[in-house]
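Shown below, as structure tokens, is a lone chain in the form predicted on its own; questions about how it binds or moves come after it.
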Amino acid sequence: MSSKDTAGAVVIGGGAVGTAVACYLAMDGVDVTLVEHGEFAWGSSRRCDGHVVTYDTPPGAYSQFCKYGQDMFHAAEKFLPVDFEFSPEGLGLLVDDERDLDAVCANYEGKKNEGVDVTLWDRDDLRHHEPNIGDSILACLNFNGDCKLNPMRLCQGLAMHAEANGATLMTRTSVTGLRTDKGRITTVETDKGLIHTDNVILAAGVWTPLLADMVGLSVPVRPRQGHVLVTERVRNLVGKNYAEYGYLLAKGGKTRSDATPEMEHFGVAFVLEPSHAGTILLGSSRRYVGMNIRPDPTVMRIIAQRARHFYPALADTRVIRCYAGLRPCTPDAKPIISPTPLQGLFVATGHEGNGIGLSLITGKLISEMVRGQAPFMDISYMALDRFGTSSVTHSAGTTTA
């Protein structure tokens, strides 16, 4: 760890989004310091799966944004100094309810018209590719360009590349206050000393609202807990990543016709990711329980039951560990990538379950904003002021939390 008392920009948060912002700022020639309370990927970025996907967004502007963000990983794979286990092997969206088939077919047509590489398997096609799939599964919509990676290795690679381009990295450093003067940010207070700067980027996931509150700024992000189960090593059970169509409904807070009351209560929907180590990651769940990250045995049991519904052979597979993490969730389920009413203060958070996949494009866009450039694509619908709660309530003058 190194430190200094001035910087062109200070990024607060060392997860996927924060390290990506620091990386792109450094590559664009900005004198940037990255401050992280713990170690890189200390928070949510080590308690998630590694999906980089487009399957979970309906056709439209946000879907195209996610596709652009996904494409950026192909370039990053070539310049980052760490093998982050990037695998563009595709993801299948499984359908087990006939009532969902029309919506899935409409999704297929819409994505295809956007240029997304999608294919639709009927029951026979699915069994040909996945002989261990459950008998009740009807079809699969394949997003052939969707990817997976190792989030912790990604964060490490982004931080290392930022440092190689001149960034200062300060881990195990806590932010204790933010100072302002005449309507602009001036200083970051830490437990290691002051950092004088003209630009601060709040990229601390679910902890961002606490930082924003230091200058009287409201950022409407809530922590939404999710579980991931990890199995023992398994061979030849499953070919690639899968999720169920109901995942889209659960993520959007919609009622599912075939879900049990327990599934609805805990927001459980099937997601599967084979890891490079040979284990399988199983999810998912969604519930608001504050900052609690303790795994719940009831949620674990329901996830396991749902996984066996899609892959019955998982009944003979042991779960070796489970973890829970916190997704930064906004009221409309889209990120906040935005300047603020306080000059020099920017927000990059609220990606919910897409923080890994949208990390690079967020870094690129924030770098453009900090350097006074217009974003290369329209992201006005991700501005903080869309919530109408972005005014700075502190009076003008020097402010210290």
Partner chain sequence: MFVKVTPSAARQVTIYFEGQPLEVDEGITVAAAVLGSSHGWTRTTHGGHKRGPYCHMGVCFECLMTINGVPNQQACLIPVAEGMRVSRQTGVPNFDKESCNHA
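As the structure is a computational prediction, the values presented were derived from the model and not from experiment. Positions refer to the first chain, counted from 1.
Omitted here: the form predicted together with its partner chain. The next part is about that form.
Contact check for His265: every heavy atom lies farther than 4.5 Å from its partner chain in the predicted bound form. Among heavy atoms of Gly177, none comes within 4.5 Å of its partner chain in the predicted bound form. Under a 4.5 angstroms non-hydrogen atom cutoff, its partner chain in the predicted bound form has Leu237 among its neighbouring residues. Of the heavy atoms in Ala103, none are within 4.5 Å of its partner chain in the predicted bound form. Screening Lys254, Arg318, Arg294, His128 for any heavy atom within 4.5 Å of its partner chain in the predicted bound form leaves a single hit, Arg318. Between the options Lys192, His276, Arg99, Arg172, the residue in contact with its partner chain in the predicted bound form by a heavy atom within 4.5 angstroms is His276.
Heavy atoms within 4.5 Å of its partner chain in the predicted bound form are found in exactly one of 210-218, 310-318, 284-292, 159-167, that being 310-318. Looking at 115-138, the one residue that comes within 4.5 Å of its partner chain in the predicted bound form, counting any heavy atom, is Asn132.
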